[in-house]
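Quick setup: the structure tokens below cover two forms of a single protein chain, split into structure 1 and structure 2.
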Structure 1
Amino acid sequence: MKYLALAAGLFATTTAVAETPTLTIYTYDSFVSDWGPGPAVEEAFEKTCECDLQFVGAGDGASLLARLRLEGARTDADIVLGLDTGLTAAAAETGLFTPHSVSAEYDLPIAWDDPLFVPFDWGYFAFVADAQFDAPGNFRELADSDTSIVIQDPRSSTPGLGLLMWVKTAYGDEAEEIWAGLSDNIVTVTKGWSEAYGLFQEGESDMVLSYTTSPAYHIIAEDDRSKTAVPFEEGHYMQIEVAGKLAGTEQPELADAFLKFMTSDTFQSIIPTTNWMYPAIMPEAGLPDAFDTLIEPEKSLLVPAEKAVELRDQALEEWLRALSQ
């Protein structure tokens, strides 16, 4: 009888484990890194959901959409986290996303009412350099200088796409001319942000495409004030990062719970010192003091999501032509 009881207990345990629901979230690699938000978010959400939250790194932000298009309705993802407003219209056109039920008071620079995507953080793209470096103050000066830069590929990286939109928004029909001038400043074009920033830290370039908030990492995590974001006269392009629920998810209620959790103080408090961005909703404790030292762009640039697809395609063609010459 003891053995029967033991077998019954093992069966019950196995059944309980098997019944634990899994929520699969595709995101970008830096989000799930040891120093990114992923581990803390996973721990915090699993305390509330009685589920197994699994983050799947899929390269950089723009790679998420490419993977989703490839997988289509067969995707294992319940949620995609890490798209931005440069990609949301294209993502919506796939028909793979379904409306969310989240309602929140966001602390964003623009009004937010997208029915498919929930914002979780935002920031401004910028070139980061050593604070002692005599950095150019606009793209024309950069193109005319010997300053070396590392940037990301707009076909795989949301920062790379953001730079493309930044130049196109600031210079319009002259964007290709700007890229032609910048071509000899570019040391390399990396697939994602992590690779680019790593090369910069290794001394491979004078500046790297990143965010105005990046120096906060060095101050808080390394007690290093030697890095700064370079203010550009054209203004700085804004990024708002979002997550969306897949229409084919087998865990719709759990997906809704996670999207709602993203707007919680717990989630939003994790963002500033792990993703090094501004939270979509200001945490009750506010921002770390280091954020008070960051540059604030005098001009914000952002293409409405519904116009981003057409402008992106045009800007990408110009970028490819200029860099291939």
Structure 2
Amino acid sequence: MKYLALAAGLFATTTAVAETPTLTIYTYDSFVSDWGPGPAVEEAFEKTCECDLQFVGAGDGASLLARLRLEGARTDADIVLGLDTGLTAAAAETGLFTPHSVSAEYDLPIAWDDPLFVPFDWGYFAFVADAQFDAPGNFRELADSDTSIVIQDPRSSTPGLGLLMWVKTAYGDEAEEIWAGLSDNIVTVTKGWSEAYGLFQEGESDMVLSYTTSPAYHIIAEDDRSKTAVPFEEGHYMQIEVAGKLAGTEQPELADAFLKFMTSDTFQSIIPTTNWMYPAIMPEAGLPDAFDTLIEPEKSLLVPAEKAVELRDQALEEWLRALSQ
């Protein structure tokens, strides 16, 4: 009798769980933090889906992919959110992702037709400086000037890798020479974006590698107009952040629903002031005013996903050679 009651209890709980399915999304840590888009996105999506949306944070984009590789097909994730175009080729190669069914009119500087990944936001890497700073206009000028910069290590940081690809796409075979020229401008190389930005704010350098959207944070959150992103004549390297559905998901419909929700006005209007990036689809209400003051690069640079890995390894070797002397 006792066992029967116990079994009934178990059954009751399992049915209860079955009634509200769980959608598990792996993403980078800052997405799920109290100050990232996570909480608002979760609330908004759960209103529409009658499900339990669970975010699982894992370091940054690259750690996210590493974790997925560790777990392989056994992963609990239904969706991985937060890879960028530097990682999508390697992610596709794992064979863990399955094509999505989303079609949308993206407001991206490039055409998007990737069958596996749906973009949700994007931005440009840029050096951020004080507004009144007399900043150089390109990498060669920067190398010749005595402007000091703090950058991130491409081996441990996404923006660091972005800069590596930026110089490589802009200068090709001359990239190593550019780096050699920059070596006396580099105050130091940090593990991640936070450390670099922190050093810059402490006055350790004239400029720091960040995003063109960074000044918007200071204007909106701090009413501080003293920071500006520096336009470079070579153009700016882009980061497009994407999400993909896993082939092994037990909630394929729910996963599709979330990817669709990602392109909705609700989701897209959360992005600018929580992730401080451009939304992949312009919300109806447009962007906050502060975004109008941001620089808009004349030329967007991006390595096609399939070439990213090969170019990355070559660029890293050059970077190490140039800066280790």
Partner chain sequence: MAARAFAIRRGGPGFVAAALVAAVILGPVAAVLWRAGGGGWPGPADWAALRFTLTQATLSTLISVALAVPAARALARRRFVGRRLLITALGAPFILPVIVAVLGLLAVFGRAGTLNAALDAAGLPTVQIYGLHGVVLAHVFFNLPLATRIILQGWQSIPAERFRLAASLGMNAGQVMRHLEWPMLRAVVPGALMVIFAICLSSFAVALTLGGGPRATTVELAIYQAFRFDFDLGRAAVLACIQLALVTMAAIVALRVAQTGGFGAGLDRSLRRFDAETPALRLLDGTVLLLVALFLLTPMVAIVLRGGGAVLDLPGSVWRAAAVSLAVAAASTALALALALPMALAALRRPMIEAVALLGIAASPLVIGVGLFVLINPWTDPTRLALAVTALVNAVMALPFALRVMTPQLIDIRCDFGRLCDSLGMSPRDQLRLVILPRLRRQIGFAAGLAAALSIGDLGVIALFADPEIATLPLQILRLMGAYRMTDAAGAGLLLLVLSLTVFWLLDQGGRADADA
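Counting starts at 1 and follows the sequence of structure 1. Heads up, when I say rigid core I mean the largest set of C-alphas that superpose within 1.5 Å between the two forms. Since the structure is predicted, the reported quantities are computational estimates derived from the model, not experimental observations.
Just to confirm, one of these is the form predicted together with the partner chain and one is not; which one is it? Form predicted together with the partner chain: structure 2.
Compare the position of the CA of residue 315 between the two structures after a rigid core fit and state whether the shift reaches 2 Å. It does, since the residue 315 C-alpha is displaced 2 Å or more between the two structures after the core fit.
If we fit on the core, is the Cα of residue 186 displaced 2 Å or more between the two structures? The answer is yes, as the C-alpha of residue 186 shifts between the two structures by 2 Å or more after core alignment.
C-alpha of residue 199 off by 2 Å or more between the two structures on rigid core: Shift of 2 Å or more: yes.
Rigid-core fit: what Cα movement does residue 232 have between the two structures, in Å to one decimal? After core superposition, the C-alpha of residue 232 moves 3.2 Å between the two structures.
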